[in-house]
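Below, in structure tokens: the form predicted alone, a single chain.
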Amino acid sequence: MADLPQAGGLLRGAGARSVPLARWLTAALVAAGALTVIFPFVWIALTSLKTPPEIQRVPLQLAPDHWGNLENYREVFRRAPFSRFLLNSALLATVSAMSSLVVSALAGYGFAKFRFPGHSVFFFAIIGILMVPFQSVVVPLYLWVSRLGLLDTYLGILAPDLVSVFGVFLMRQAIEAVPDDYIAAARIDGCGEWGIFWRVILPAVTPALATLAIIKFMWTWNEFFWPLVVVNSPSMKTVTMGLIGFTNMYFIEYNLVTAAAVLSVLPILLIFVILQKWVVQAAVMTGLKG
């Protein structure tokens, strides 16, 4: 019996040693995952500073010979109206994000806090749209846009992006977490439904709104397939369409493609840095982690 406390102490000692080991293993796995994600972006950024002979050099080198070489970026703007492409993408992504925020917040409020006949059927029917591949509706959508005379226009490009089904789902989940007592107290104080939506609901779901804004902005910014279908004139091209202008069927100018890719990523990175606090809060609130 006298040996039992010593055995327990040994077990506790082994457990205490295993905790730091588990933390180190977890940290090592997280660091390895982060490096795996970050390395391609670092490689692209460094390649954008290299000359074509440096890119083709064998063995491959990670760093450029001259860190201040910005000639590739100047050549991007000389070869194509890239500033116009950036402006088009920024305009389209901003309008798409704003319209999605308004529609998704209103629809999410309705589905989260009101009960009406067919409530569940309508909600699951909307969510079911997420399962439909966009390519399967491209032809009827193109015919609809063409008959309205919206080909090669901003409104024609925005047609499928003005409303976000994912946004409706996200906002419904966020608004459901707002206590009903807050809404009841506002009604007792004489606040109308629009006042409740503006003064109670929206301030409570600001992190979810910020998350939806950045996700929708990023989706529209990176959209390539639909603009390729409806855009004809060079002045209406977006950033993603401008990137393929530096490639042809015989060769790819990697120095220019990587410089243009870095320019196309910077606006999204800037927006994420500004809104990251609310994005993390929304991920915790709505259980979107992982």
Partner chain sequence: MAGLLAVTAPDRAPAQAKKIVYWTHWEQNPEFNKWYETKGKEFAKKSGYEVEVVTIPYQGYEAKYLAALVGKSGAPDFFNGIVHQWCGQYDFCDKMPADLEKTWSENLPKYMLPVGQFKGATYGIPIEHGNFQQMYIDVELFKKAGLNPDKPPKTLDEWLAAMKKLSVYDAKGEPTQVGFALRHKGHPVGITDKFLPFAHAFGARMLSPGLDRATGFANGPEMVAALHFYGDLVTKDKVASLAFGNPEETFGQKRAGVIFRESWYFGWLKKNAPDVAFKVYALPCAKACPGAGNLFPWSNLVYKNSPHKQVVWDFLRFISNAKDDLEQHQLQGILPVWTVNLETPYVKGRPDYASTREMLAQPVPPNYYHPKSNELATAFGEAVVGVLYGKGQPKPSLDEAAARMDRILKD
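What you are looking at is a predicted structure, and each value in this text was computed from that prediction instead of being measured. Residue numbers count along the first chain shown, from 1.
One more form of this protein exists, namely the form predicted in complex with the partner chain; it is left out here, but the text below deals with it.
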(request) May I ask you to check whether A45 falls inside a 4.5 Å heavy atom distance of the partner chain in the model of the complex? (result) no
(message) Check V37 for me: does it contact the partner chain in the model of the complex (non-hydrogen atoms, 4.5 angstroms)?
(response) no
(message) Against the partner chain in the model of the complex, would K50 count as a contact residue? Criterion: heavy atoms within 4.5 Å.
(response) no
(message) Considering non-hydrogen atoms and a 4.5 Å limit, does the partner chain approach R187 in the model of the complex?
(response) no
(request) Can you work out whether the partner chain is within 4.5 angstroms of a heavy atom in all three of E71, V132 and A159 in the model of the complex? (result) no
(request) Heavy atom within 4.5 Å of the partner chain in the model of the complex: which of V102, A177, V139, A125 fits that? Just give me the one. (result) V139
(message) To test your reading of this chain, name the stretch in 257-265, 63-71, 227-235, 23-31 whose heavy atoms come within 4.5 Å of the partner chain in the model of the complex.
(response) 227-235
(message) Just to make sure I understand: among 162-199, which residues lie within 4.5 Å of the partner chain in the model of the complex, judging by heavy atoms?
(response) none
